[in-house]
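Just the one chain here, the form predicted on its own, laid out as structure tokens.
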């Protein structure tokens, strides 16, 4: 995995785990890779993955079954969407709003672009 310089590695790994859950690659109550396995796959220190897993546990996205490993929480998908929505609103939306204002983009134009994007990317 190629890591970006502008964000902590453990947060980027958390995004990776969340995407796997949202895409259905890791399902509810399914075991996720061990700390050591994911550290090797990501080419990072196991402590970094442990920090990621602690964050995801605190967000109720994964849970630890002592002696067995980490598992996807039953409510992981809803919790990921809630967590990501909060991040988007706090971190990314202000930048989008600033650009909309600076470029004088109207809501009608924005709505048309959004509809086109959804149609091209998510409709069959």
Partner chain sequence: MIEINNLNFGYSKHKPLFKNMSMRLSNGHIYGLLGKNGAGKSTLLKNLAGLVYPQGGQLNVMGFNPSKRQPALLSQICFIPEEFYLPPVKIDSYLKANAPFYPNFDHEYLATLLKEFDIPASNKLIDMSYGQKKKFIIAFGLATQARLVIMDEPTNGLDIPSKAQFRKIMASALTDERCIIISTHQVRDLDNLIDTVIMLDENDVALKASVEEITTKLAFKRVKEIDESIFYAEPSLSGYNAVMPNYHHEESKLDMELLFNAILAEKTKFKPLFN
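The shown structure was predicted, so the numbers you read here are calculated from the model rather than taken from an experiment. Positions refer to the first chain, counted from 1.
Separately, the form predicted together with the partner chain exists; it is not shown, and the next lines address it.
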| property | result |
| --- | --- |
| Residue among 58, 45, 86, 99 with a heavy atom within 4.5 Å of the partner chain in the model of the complex | 45 |
| Contact test in the model of the complex: residue 16 vs the partner chain, heavy atoms, 4.5 Å | no |
| Residue contact check: residue 118 to the partner chain in the model of the complex, 4.5 Å heavy atom | no |
| Close approach of residue 123 to the partner chain in the model of the complex, 4.5 Å, heavy atom | no |
| Any non-hydrogen atom of residue 41 within 4.5 angstroms of the partner chain in the model of the complex | yes |
